[in-house]
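Only one chain comes next, encoded as structure tokens, the form predicted alone.
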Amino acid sequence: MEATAEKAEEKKYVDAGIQKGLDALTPEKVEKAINRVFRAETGARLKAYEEICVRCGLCADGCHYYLSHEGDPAYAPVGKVKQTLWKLLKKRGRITPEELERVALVAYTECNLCRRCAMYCPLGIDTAYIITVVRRLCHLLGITPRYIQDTAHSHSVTMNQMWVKEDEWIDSLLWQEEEAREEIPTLRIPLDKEGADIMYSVIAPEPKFQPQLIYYAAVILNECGMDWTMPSMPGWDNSDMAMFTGDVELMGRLKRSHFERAQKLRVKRVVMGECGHAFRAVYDVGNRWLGWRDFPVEVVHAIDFYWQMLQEGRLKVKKKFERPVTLHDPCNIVRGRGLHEKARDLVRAFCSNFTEMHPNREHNYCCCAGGGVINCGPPYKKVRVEGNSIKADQLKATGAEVVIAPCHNCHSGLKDIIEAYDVGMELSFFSEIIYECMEKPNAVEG
């Protein structure tokens, strides 16, 4: 079950990160890494998946890559497992560099770890977990795509993935506070306030590329009357590409930094911005790897927070957003956390013209950018876009003008799909629509 001839004939891109690792491999290193992963780091779960999979292929229709490639079996989840895990186990580590390169490309660029396929497996096999194990092996072998590896390393060095310097981070917050005070003179973005109810947490692309999202969040928190703060010191960036490269040691260090920053500020809870992978890294993966029985500080996604404010009457609707909208369900906060109904409560509260995608909620198609795939960089953009024509069809069928996507990676992935397939839709975060439509009792008239 290999890639099609047409695919094989395409001009091959040589990934410097993968190639460097391949050049340094020896049979001994491969055997050592495989033994470490399969004997010391995995256990009954992986063995059970290996033994109970009957190769029925019922997972295939759960994958956007498979559906977008006219049923090419190489893109079916079971096909990806055959090209990676089963090959590694069958050959007991005696595998060529060319085969290992293919293993890495499948694991990093042809699977988003979205877990949609797991919903269609009659035996409950989680293919995303299997591919995560394969990525772990690739990390230990040093065959990780260069772009995502560089991102993980930059986070390791500067404690944020965008190399935002400490003074630049603080300047960004002061800048957004100054901008917002023209609208709401009493507004503050409190820095390092100990004992606050909330530490608001973002990913590094916000101060780097989308500082207006910090503005919107500050207005919402201020006008809801919240006691909140943002940290000036490292630990403010909640993103985590190391979770997707297989570098669990680095992932654990980054999550520890994030939680410890909240603990040092003695806040009651962390409210995270609209990002899926970062939320999963904090609430589901990093804390588990660190061996913590529970969260040292409560973690709340922005959708959950907005919903709570709406229920408590702190967040009030002044006007409705009139343009036709649809809602994209991000994998890590819907299949991973079950926030789909709360998201719809928000849409119905603030929008007057809402059309569902089909399928939706936990059955929604992935954006094809998550799971670290978009972070593998421009060389693999075509793989992503061609691997999700089904999403373009799903978007077009709604007839909406705006798609609300409460996740940064989803925004980036959907933007590429919208442009490539001429869908003709705009993208929005919840915070943008809430900011536009909410009551602002402290705003100056203008």
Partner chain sequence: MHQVYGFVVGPLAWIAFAVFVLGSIWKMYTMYRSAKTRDGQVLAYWNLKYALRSIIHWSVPFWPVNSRRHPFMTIVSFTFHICLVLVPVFLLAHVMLWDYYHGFRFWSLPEGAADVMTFLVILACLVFAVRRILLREVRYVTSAMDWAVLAIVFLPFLTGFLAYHQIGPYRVMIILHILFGEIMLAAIPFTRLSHMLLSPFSRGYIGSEFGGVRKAKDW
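Numbering follows the first chain given and starts at 1. Note that the structure is predicted; figures quoted are calculated from it, not measured.
Separately, the form predicted together with its partner chain exists; it is not shown, and the next lines address it.
Enquirer: Please run the contact check for residue 89 against its partner chain in the predicted bound form: heavy atoms, 4.5 angstroms, yes or no?
Expert: Looking in the predicted bound form, residue contacts with its partner chain do not include residue 89, since no heavy atom lies within 4.5 Å.
Enquirer: Look up in the predicted bound form whether residue 230 has a non-hydrogen atom within 4.5 angstroms of its partner chain, and give yes or no.
Expert: Heavy-atom contact with its partner chain at 4.5 Å: absent for residue 230.
Enquirer: With a 4.5 Å heavy atom cut-off, would you call residue 397 a contact of its partner chain in the predicted bound form?
Expert: Heavy-atom contact with its partner chain at 4.5 Å: absent for residue 397.
Enquirer: Are any of the heavy atoms in residue 67 no more than 4.5 Å from a heavy atom of its partner chain in the predicted bound form?
Expert: Close contact exists here: in the predicted bound form, residue 67 approaches its partner chain to within 4.5 Å, heavy atoms only.
Enquirer: Among 402, 385, 418, 58, which has any heavy atom within 4.5 Å of its partner chain in the predicted bound form?
Expert: Result of the distance check: 58.
Enquirer: Looking at 325, 134, 309, 121 here, can you tell me which has any non-hydrogen atom within 4.5 angstroms of its partner chain in the predicted bound form?
Expert: Among 325, 134, 309, 121, a heavy atom within 4.5 Å of its partner chain in the predicted bound form occurs only for 121.
Enquirer: Can we say 40, 45 and 129 each have a non-hydrogen atom within 4.5 Å of its partner chain in the predicted bound form?
Expert: Yes, the whole trio is in contact, each within 4.5 Å by some heavy atom.
Enquirer: Looking at 211-219, 91-99, 309-317, 285-293, which stretch has residues with any non-hydrogen atom within 4.5 Å of its partner chain in the predicted bound form?
Expert: One stretch meets the cut-off, namely 285-293.
Enquirer: Just to make sure I understand: among 403-419, which residues lie within 4.5 Å of its partner chain in the predicted bound form, judging by heavy atoms?
Expert: None of them.
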